[in-house]
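Just so you know, structure 1 and structure 2 below are the same protein chain in two forms, each on its own as structure tokens.
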Structure 1
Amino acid sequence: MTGVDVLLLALGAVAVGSGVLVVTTKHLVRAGLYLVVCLGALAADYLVLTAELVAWVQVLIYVGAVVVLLLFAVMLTRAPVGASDDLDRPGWPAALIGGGVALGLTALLVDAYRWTVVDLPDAGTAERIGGQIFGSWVLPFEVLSVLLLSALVGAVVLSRPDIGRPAASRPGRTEAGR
């Protein structure tokens, strides 16, 4: 076993451990921070595998944007920051479903590949990936950006009950205060 294998196993253990903590903690903000650790460990795995572009996309998109959006939504909706009894549900159904899915995917993977050797394609370059994203995938890329922007605007509108209400009926507003 080489040093790279040990490093991959250690980072995988950190990712799995923090992933388990994400779904088992009763603190919503801590779950977001454990998610940062999990996604950061995955990005480090990509770096060890010499997929630098994928690692930085992981850091920028998932760690940078998704987790910030999650914490932003928690703050906007005034969700409880501490331990919440709403998050205390029995874990056996999730464990049963997760175990069944893991067994099914393992059986599917073993059946699909058995002991065959899969030829790897040529290594990708940033130029080839950029050509694909901004060439044939430009429309889905732009649609996704508009979808994320509309979700963010919708979250802001839903979190503000005073939007759309007449100015006179807003709390704290008087004729003298105008």
Structure 2
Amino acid sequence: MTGVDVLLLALGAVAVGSGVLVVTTKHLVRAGLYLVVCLGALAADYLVLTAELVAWVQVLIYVGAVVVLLLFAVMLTRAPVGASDDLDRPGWPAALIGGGVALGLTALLVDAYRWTVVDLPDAGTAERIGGQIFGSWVLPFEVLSVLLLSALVGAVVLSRPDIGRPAASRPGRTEAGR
């Protein structure tokens, strides 16, 4: 066990522990805050695994944007401040499937890698990752930008109830407009 292994173990324990709290807590807002801890531990994990740029993007986008959006949604849906009892469905099918998935994947990966030791590669700095993205992966990058634009338009259309309503219920429209 080297220092890197100990770090990975500790950060993994933090991530899994706060992940358990995210899916079991009775407080909506606390679930979002435990999600911050879990994503932060994963970002530190990426740093240990030499993925510098991914770690900082994780902090920026996940912890900075996605969790804030989720907390906004918690507030906009008038969630109660205290504990709420109606957050869960009966648990055993979910526990069966979730436990089965976790055990199956763990068995598969442990069997594949056992206790082998791997040298860490060169750090994934912004310069190297940028070279790869704009060298080998330009087309997926551009397709992703189109996807982001369409997701933006889709979110706007979804949140405007007057777009896409059937023509009959709109005043001043003829049948030919359908």
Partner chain sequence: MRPVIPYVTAALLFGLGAYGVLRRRNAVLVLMAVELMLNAVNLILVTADTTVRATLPHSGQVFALFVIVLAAAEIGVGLAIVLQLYRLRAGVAVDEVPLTEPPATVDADAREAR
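Here the rigid core means the biggest group of C-alpha atoms that line up within 1.5 Å when the two forms are laid on top of each other. No experiment lies behind these values; they were computed from the predicted model shown. All residue numbers here refer to structure 1's sequence, counted from 1.
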Report summary line: The chain seen in the form predicted in complex with the partner chain is the one numbered 2
**Report entry** Core fit, then residue 30 C-alpha moves 2 Å or more between structure 1 and structure 2
**Finding:** no
**Report entry** Rigid-core frame, C-alpha of residue 12, shift of 2 angstroms or more between structure 1 and structure 2
**Finding:** no
Report task. Determine, after fitting the two forms on their core, whether residue 108 shows a C-alpha shift of 2 Å or more between structure 1 and structure 2. Result -> yes
Report task. Taking the rigid core as fixed, quantify in angstrom how much the C-alpha of residue 129 shifts between structure 1 and structure 2. Result -> 3.6
